[in-house]
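Heads up, what comes next is one protein chain in two forms, each shown on its own as structure tokens, labelled structure 1 and structure 2.
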Structure 1
């Protein structure tokens, strides 16, 4: 039941975020404006929420699973708060690498090698996407 409530709350937040994002100019794929990424993020969040709701409705076995692990949710929120605080001090690349490494370890990775490779690869790929391909200046 808690998962359904959280999913509905996430859908509501996504809808509000998407509604507010439409106040910004979208632009085009070749010349994105200030609303380009927020609108795409809002659409993706709303679609993921809908997929989760459909999965929860169609799968009766979810009620038989154990209780949700709220400690991981708390660690996720703490990681995102530290990301916001450290972003201007350390810059995009270092902060994103640290956040991704932290999140991969919170997700129960048993060793350090896979999280290190995934964090380095993801932060490098995102840096190249935004800085080089889209021309976004990152701090």
Structure 2
């Protein structure tokens, strides 16, 4: 099922891409323009997605995938998105500390002390490494 949804998503993306490609100029064979390759690629991607979907619908064989903890997945994504949102507001050090603490807890750390120490130590070390040694300008 997930495979079919993924292929459908690719078909939708290809259709949107193709629609946008037609807003560009195709040109001619002797003078191809900016829409030339995008239109050809969009058509190829849409056709491949279509053939794949037809195949997936007619195929009875099911591939077994390993189990995934979907609750943890949602929490991880939320954590990462909040990191992006808070990055400029709170600055690198505070945001990284919060994210690390959050990820350690999401990753099943039982107590609070070890994650707190690890998060504080790691965010300090990473701040020093990137800001001081590698010269990256961090907020």
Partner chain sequence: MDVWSLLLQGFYISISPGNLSACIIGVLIGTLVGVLPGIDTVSTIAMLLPFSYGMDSTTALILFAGIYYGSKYGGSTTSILLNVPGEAASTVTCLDGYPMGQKGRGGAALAVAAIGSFIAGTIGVIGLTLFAPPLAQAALAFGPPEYFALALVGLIVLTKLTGTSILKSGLMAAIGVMLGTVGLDSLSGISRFTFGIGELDRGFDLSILAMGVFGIGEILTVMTQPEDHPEIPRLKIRDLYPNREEWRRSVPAMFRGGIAGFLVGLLPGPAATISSFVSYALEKRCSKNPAEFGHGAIEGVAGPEAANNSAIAATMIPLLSLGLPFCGATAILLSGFMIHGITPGPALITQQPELFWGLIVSMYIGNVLLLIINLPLIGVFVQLLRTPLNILMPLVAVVTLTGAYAVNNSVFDLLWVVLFGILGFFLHRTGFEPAPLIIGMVIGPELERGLVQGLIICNGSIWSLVTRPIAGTILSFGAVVLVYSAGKWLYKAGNAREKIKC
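None of these values were measured; they are calculated from a predicted model. Residue numbers count along the first chain shown, from 1. Whichever C-alpha set is largest while still superposing within 1.5 Å between the two forms counts as the rigid core.
K.L.:
Could you point me to the form predicted in complex with the partner chain, 1 or 2?
P.N.:
Pick structure 2 here.
K.L.:
Determine, after fitting the two forms on their core, whether residue 93 shows a C-alpha shift of 2 Å or more between structures 1 and 2.
P.N.:
No: residue 93 shifts by under 2 Å between structures 1 and 2.
K.L.:
Look at residue 39 and decide if its Cα position differs by 2 Å or more between structures 1 and 2 after superposing on the rigid core.
P.N.:
It does, since the residue 39 C-alpha is displaced 2 Å or more between structures 1 and 2 after the core fit.
K.L.:
Aligning on the core only, does the CA of residue 17 end up 2 angstroms or more away between structures 1 and 2?
P.N.:
Comparing forms between structures 1 and 2, the residue 17 CA shifts at least 2 Å.
K.L.:
Relative to the superposed core, report the C-alpha shift of residue 27 between structures 1 and 2 in angstrom.
P.N.:
Comparing between structures 1 and 2 after core fitting, residue 27 shifts 37.5 Å at its C-alpha.
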